[in-house]
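Take a look at this single chain in structure tokens; it is the form predicted alone.
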């Protein structure tokens, strides 16, 4: 069996998850790693027994002995690195968000289509069985036409040391300071809850209004040379293309919620609810005669393939998987509109 050779670009914390997922697949060889930080590169490749190591993407592309790439670079580098890989004709699984603005994301999607390569984005909550089952329920028409939704992504790491002390550990600055490349809670987890909603509802946003808020968190709102100016909470009102309206919120000040996602979608024939709390997914629905007695029933959600598995399978069969760059670009367009709406005091923006 000919194995698919994968290069890991960027060796930060999330790269470990990529490598470990690939190591479980007999059809994959992780053949190289790329990072400008020599110490980080060496430690990562030693830990995962990766033979080929490069301090620049240009060196790796010149070497060329790989079929596909996991792009795990910081958000601001997704555009430049991915465009170079697409020019080289390589298949790419890019971490979310695809880019930091819609223009770049659209250019990446167009370039991937023109290069005729597999292109996918690691919107990791697509790996949750409960969300896949909920999307299936909606697509089957069991709740009828979507009418209303409520969704939230709740984190508490700004009020408790769940992941360490953000005041003293510089690794969190990428989530707190725009000068460090942060797009705030909107860009970090807002894209997840937006995708969570749109995927289950089977529809993208048509228009929205949004308010973003940055709270005082440290003396003079600064740590070292970095001003803590990235947004900490967001609240969006949206209408989807299928006519449903609802609200989406995300925050890092939800005390008591380490990393929890919730979604309720109601149609003219019933409703479905998804919860992903403490890393456990659950889906319930109220349809048919249960509506009259307000009975919600748990629905079994079989395990699903991960994004990494779907990417490798897509490369193997030569047909693109989901979510792809085009989908991610549409989400980025919505996020850009959310920023614009907030800049205009919460004005409704047509997407």
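Superpose the two forms; the largest set of C-alphas matching within 1.5 Å is the rigid core. From a predicted model like this one, the values you see are computed outputs, not experimental measurements. Residue numbers count along the first chain shown, from 1.
The same protein also exists as the form predicted together with a small molecule; that form is not shown, yet it is the one meant from here on.
Think of it this way: in the model of the complex, the small molecule has a heavy atom of just one of 30, 34, 283, 69 within 4.5 Å, and the residue is 34. Of the residues 208, 143, 117, 77, just one reaches the small molecule in the model of the complex with a heavy atom at 4.5 Å or closer; this is 77.
With the small molecule left out of view, the stretch that reaches within 4.5 Å of it through heavy atoms in the model of the complex is, among 102 to 110, 169 to 177, 83 to 91, 238 to 246, 169 to 177.
The shortest heavy atom separation between residue 97 and the small molecule in the model of the complex is within 4.5 Å. In the model of the complex, the small molecule lies within 4.5 Å of some heavy atom of residue 40. Although the partner is absent here, residue 25 lies well away from the small molecule in the model of the complex, with no heavy atom inside 4.5 Å.
Taking the partner from elsewhere, residue 14 is found to have a heavy atom lying within 4.5 Å of the small molecule in the model of the complex. Judged against the small molecule in the model of the complex with a 4.5 angstroms heavy atom cut-off, the residues 183, 233 and 332 are out of contact without exception.
Residue displacement note: residue 276 has its CA displaced by under 2 Å between this form and the one not shown (rigid core superposed). After superposition on the rigid core, the Cα of residue 107 moves by less than 2 Å between this form and the one not shown. When two forms of a protein are overlaid on their rigid core, residues whose CA moves 2 Å or more are considered shifted, and residue 170 is one of them between this form and the one not shown.
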